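One chain comes next, on its own, written as structure tokens: the form predicted on its own.
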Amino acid sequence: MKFIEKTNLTSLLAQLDAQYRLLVPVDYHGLTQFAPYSQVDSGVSQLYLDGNVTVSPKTVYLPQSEAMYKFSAQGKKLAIEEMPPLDRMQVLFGVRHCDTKAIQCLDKVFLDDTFADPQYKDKRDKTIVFSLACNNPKATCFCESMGIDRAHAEQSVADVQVYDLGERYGFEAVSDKGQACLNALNGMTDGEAKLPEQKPQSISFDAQGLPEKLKEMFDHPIWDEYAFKCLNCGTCSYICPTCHCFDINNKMRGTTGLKLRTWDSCMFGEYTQMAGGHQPRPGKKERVRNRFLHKLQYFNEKHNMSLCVGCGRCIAKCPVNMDITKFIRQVIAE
């Protein structure tokens, strides 16, 4: 393991920023998210390593709005121009373990065995992930109940494992890409260290058998109970690190335009509305049910993993205090 004193973290980040496009967790007037390190260096934002950010690193791989390609039309002639790939490698520093698991979930969707989304793949291939172990969970965190290891990140995603060791940080490469990155950094020392003690999470439950239970509950009255308070505002899906639904539309100016991919939400009434006007999910009950079943049953049946990673963002930000952990515990108790 390699080490730096916490007082030297700024120097380390400056080295990474000189070699790569560096993205770090920042606090920008109360909004925590990943942003270029130049914002911290210039004083626009502050580095935020005290907990998980509100806006997940999903935005790095699947931006809220992204141009898929350019096009121009002249009469019956149509010309299409692909969007340029990333021009340099980038480092995503300080990703929590629930979010590395979330990126693995996104990989199942966008790097499918039969088709790989080229823009998503380009970003994944050109990103080095420094994952930060979580010693002090927030009150809304429940990642361990969803099978997340807070000491060791998802190895298919993380390249460097980072530990907060009190007065210093420890760095351990978990991929060749991560090892090459660490080897190029100056001012680090080698040694051994005992992993820090992790404070327990305040939310804890056993989710074993959850997908199987939900399979028998499609018409259960529990859906009426949870749909009653839901506003269908979409906050939960926009803040979630694994929600990946999007709409495709055009932005035209004269004879040229962009084909845009923009986040959408299954909570919205227009989401499943068909061209003839039919709506297979006409009410809140059907939309809430679809969201919970996709997170906790459908994705598990297809990929053998939960689409909920226990980050707690939806609990913290829901305007009517909808609590997915309360729902899970209620289902398990049935």
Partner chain sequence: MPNTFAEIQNEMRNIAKELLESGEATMVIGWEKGALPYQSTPVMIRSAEDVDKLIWDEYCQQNLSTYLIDYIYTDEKVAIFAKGCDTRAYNRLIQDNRIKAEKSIVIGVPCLGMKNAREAAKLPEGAEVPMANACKECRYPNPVTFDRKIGEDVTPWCTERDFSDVEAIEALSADEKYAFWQSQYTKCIRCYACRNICPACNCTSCIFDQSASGWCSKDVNASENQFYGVTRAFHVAGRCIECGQCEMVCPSEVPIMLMNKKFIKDIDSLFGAHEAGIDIDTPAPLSHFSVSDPEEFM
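Since this is a predicted model, take the numbers as computed values, not measurements. Positions refer to the first chain, counted from 1.
Not on display, but discussed next: the form predicted together with the partner chain.
Novice: Is residue 54 close enough to the partner chain in the predicted bound form to count, meaning some heavy atom within 4.5 Å?
Specialist: Residue 54 belongs to the contact set for the partner chain.
Novice: Please tell me whether any heavy atom belonging to residue 38 falls inside 4.5 Å of a heavy atom of the partner chain, as the geometry stands in the predicted bound form.
Specialist: The answer is no: residue 38 has no heavy atom within 4.5 Å of the partner chain.
Novice: Taking 4.5 angstroms as the cut-off for heavy atoms, does residue 284 touch the partner chain in the predicted bound form?
Specialist: Output for residue 284 is yes: heavy atoms within 4.5 Å of the partner chain.
Novice: I'd like to check something about residue 234: if you look in the predicted bound form, is any of its heavy atoms closer than or equal to 4.5 Å to a heavy atom of the partner chain?
Specialist: Yes, residue 234 sits close enough to the partner chain in the predicted bound form that at least one of its heavy atoms falls within 4.5 Å.
Novice: Any chance all of 108, 280 and 293 sit within 4.5 Å of the partner chain in the predicted bound form, going by non-hydrogen atoms?
Specialist: Contact check failed for every one of 108, 280 and 293.
Novice: Heavy atoms within 4.5 Å of the partner chain in the predicted bound form: which stretch in 147 to 155, 191 to 199, 236 to 244, 112 to 120 meets that?
Specialist: Partner-contacting stretch among the options: 236 to 244.
Novice: Of 165, 133, 210, 260, which residue is found within 4.5 angstroms of the partner chain in the predicted bound form when only non-hydrogen atoms are counted?
Specialist: Here the answer is residue option 260.
Novice: Within 4.5 Å of the partner chain in the predicted bound form, which residues of 189 to 204 have a heavy atom? Give them in sequence order, or say none.
Specialist: Not one residue comes within 4.5 Å of the partner.
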